[in-house]
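Here's a solo chain for you in structure tokens, the form predicted on its own.
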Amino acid sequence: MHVVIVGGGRVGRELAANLSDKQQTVVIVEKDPEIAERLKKKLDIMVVNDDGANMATLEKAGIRNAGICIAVTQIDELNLMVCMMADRAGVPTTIARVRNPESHTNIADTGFSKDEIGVDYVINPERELALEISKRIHYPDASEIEYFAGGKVMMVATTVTEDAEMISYNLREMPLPQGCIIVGIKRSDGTFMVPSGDDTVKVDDKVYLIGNANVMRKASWLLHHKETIVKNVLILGGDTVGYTLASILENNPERKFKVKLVEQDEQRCEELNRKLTKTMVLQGHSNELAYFNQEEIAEADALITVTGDDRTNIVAAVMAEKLGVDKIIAEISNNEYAYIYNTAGIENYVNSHLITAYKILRFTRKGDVLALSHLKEDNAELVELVVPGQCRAAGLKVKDARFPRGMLIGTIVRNGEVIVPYGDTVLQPGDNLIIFTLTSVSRKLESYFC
């Protein structure tokens, strides 16, 4: 498939690298000559150094042959305009990154639908990041968590502790609760594997479990032996992500959180106080260390650092680690800072650029792909798809499908029931599959399920 990406920033670069690795034809349009030159040197793809809001430029990028046009510049209006032009050029799928909620609202104010304007999908990075953080607050003992099949299936990553009950068992004999399975293991030496029945888990392994959402908490307890309860949440940063997260926590119907939000800007604090009804909004000044008030941090069950500045986030996260805060989630803009969090033993950091890229990537897959999640370790993916009636795998037993090593069906959702498949399980058309696959073999999915 031919893909045109307008915008060569972090999201565009991540999209291009991933698609190129999967043998897609990718062209990036980037206006800034320095960024364009870096992209040419780093990626083995065509880069058009020109204004993406110009039909002649899009023609150079091969827009009339494109299956997808993705607009991810820093300007919302430009992204919408690019999608409109691509739609007029006959591109089947258009995707726009829209960061400002008001831009999203403005689409509705025109009186036209997204289809009429020419935008098939709108991705809001700040909201996606806030939703990701919210999931981790609700399940604080997991370092990674994903939901599939409308919440019926959950993937949880947790680290094996010394007092875990499962260390002496191989996976075939491991007494996990019915309805879940271990699909991936990252060893303490960095080795990543899709395990077989003869493998065992070891202390400090990072284990990936998938299964019925109702049994996952019990399953992860057997490996982690810890249950963290989050009631008091402290958010540092009152920009769009911090505000959106506070709104989500305020409106949660199942759990009541006590939320405090610290923001430096006085005017923004006044605005947040008007918009948020249950969150305590505090003004803090970093030069007076009020932003890092040790007493406030120490009282928190969870600290969320979303200030928009990597260094500020790092200082706050490391301070919280020293003060013994149970759950620390830090926003990271530049992935080069990830090693600092790893060195400090802080597993939970989130990158809006990567989250946005992987939300978009599912639309580039052939077949009925419903969701795509890329693990933080950058070694594996989780793909949710529907088995078509006319595909290579339909009607076969799992053991006869001959899936490549490194690809494992974690669960099947059939008629609302979550099934952990075995070798004799038959794959039926219409089945919802959640598949765990190493990135090196994930492109082979299409040959089985398209």
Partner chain sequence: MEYLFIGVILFLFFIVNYFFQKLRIPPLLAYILLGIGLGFLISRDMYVLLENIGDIGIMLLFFLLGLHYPLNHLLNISRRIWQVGTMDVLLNFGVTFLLAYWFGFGFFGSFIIGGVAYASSSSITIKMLEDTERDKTPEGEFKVGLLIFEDIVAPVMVSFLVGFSLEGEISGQALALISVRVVLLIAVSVLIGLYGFRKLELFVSRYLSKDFMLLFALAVAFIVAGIAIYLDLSKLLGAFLAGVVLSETRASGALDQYIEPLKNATLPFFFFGFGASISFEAGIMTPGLLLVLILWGLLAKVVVGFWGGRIYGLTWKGSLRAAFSLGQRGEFSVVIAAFGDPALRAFSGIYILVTAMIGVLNFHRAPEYAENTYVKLRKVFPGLFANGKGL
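Positions refer to the first chain, counted from 1. The shown structure was predicted, so the numbers you read here are calculated from the model rather than taken from an experiment.
The same protein also has a form predicted together with its partner chain, omitted here; what follows describes it.
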query = Is there a non-hydrogen atom of Thr343 within 4.5 angstroms of a non-hydrogen atom of its partner chain in the model of the complex?
reply = no
inquiry  = Quick check on Ala142: any heavy atom within 4.5 Å of its partner chain in the model of the complex?
reply    = no
message = Would you classify His138 as touching its partner chain in the model of the complex, given a 4.5 Å non-hydrogen atom cut-off?
response = no
ask   = For Ala300, is any heavy atom within 4.5 Å of its partner chain in the model of the complex, or not?
value = yes
task = Assess the spot marked by Thr25, Glu34 and Asp50: is its partner chain within 4.5 Å of a heavy atom from every one of these residues in the model of the complex?
result = no
ask   = Of Ile248, Leu171, Leu276, Met81, which one comes within 4.5 Å of its partner chain in the model of the complex, counting heavy atoms only?
value = Leu276
ask   = Looking at Val119, Val281, Ala357, Val98, which has any heavy atom no more than 4.5 Å from its partner chain in the model of the complex?
value = Val281
inquiry  = Only one of 120-128, 257-265, 329-337, 176-184 has heavy atoms within 4.5 Å of its partner chain in the model of the complex; I'd like to know which.
reply    = 257-265
ask   = Counting only heavy atoms, which residues in 394-411 are within 4.5 Å of its partner chain in the model of the complex?
value = none
